[in-house]
Ligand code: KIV
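Next comes just one chain, in structure tokens: the form predicted alone.
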């Protein structure tokens, strides 16, 4: 549960009109690194399945996986607000199930949850989760030119979302949505006019860069880590590790 030192959902909502960073994290070390870097909104995304568990892109992680990694991130931090994804496989017409999953994530250490899915189709579970007293973030993806993104975003706000992630939406459309709602928008691949921006940890750090290059990384950690492990292996083989006293 959130402590008095934690950034709250209300605190994030109050950032409407400001620029703020969000990063996905899945474990203790990188949660600490992100918080120490001044990033105070952390997302335990269902991208956990792809980047950490090695699942195919079309497979969502199990709830037990999400709870375990959410707990690790929460335990590792003191001030950051931890959002946990409800994987799309758990977002169904059964709103009671959505509430149960949200509660499981909150009991694991999340401070709010994000409902994966496609826009207005998730309004009912968002409304039920919010009614249960759980802060919830919506997720809006581009689908077709016939869909009114502004209307969908407004519906998700009305349902009780305190923020909405805009995924893969054209820059000007994302700008329109940002102006149309009173809650913060958090963009991923949706241009620079969103209030916040979220990125995948592995993309920022250059991990799995050759397989999942979706942005220019800020560092090539894959190369640095491989080089360090090569030096370690060589030190073992030539007797330099462990050095005798």
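If you're wondering where the values come from, they're calculated on a predicted model, not measured in any experiment. Positions refer to the first chain, counted from 1.
If you look for the form predicted in complex with ligand KIV, you will not find it shown, but the lines that follow are about it.
J.: Please identify, from 215 to 223, 175 to 183, 197 to 205, 27 to 35, the stretch that has a heavy atom within 4.5 Å of ligand KIV in the predicted bound form.
T.: Flagged stretch: 197 to 205.
J.: Between the options 136, 73, 84, 165, which residue brings a heavy atom to within 4.5 Å of ligand KIV in the predicted bound form?
T.: The residue in contact is 165.
J.: Could you tell me if residue 190 has a non-hydrogen atom within 4.5 Å of ligand KIV in the predicted bound form?
T.: Because no heavy atom of residue 190 falls inside 4.5 Å of ligand KIV in the predicted bound form, the answer is no.
J.: So in the predicted bound form, is ligand KIV close enough to residue 60 to count as touching (4.5 Å, heavy atoms)?
T.: Residue 60: no contact with ligand KIV in the predicted bound form.
J.: Would you check, heavy atoms only and a 4.5 Å threshold, whether residue 43 touches ligand KIV in the predicted bound form?
T.: Yes - in the predicted bound form, heavy atoms of residue 43 and ligand KIV come within 4.5 Å of each other.
J.: Indicate whether residue 116 is a 4.5 Å heavy atom neighbour of ligand KIV in the predicted bound form.
T.: Output for residue 116 is yes: heavy atoms within 4.5 Å of ligand KIV.
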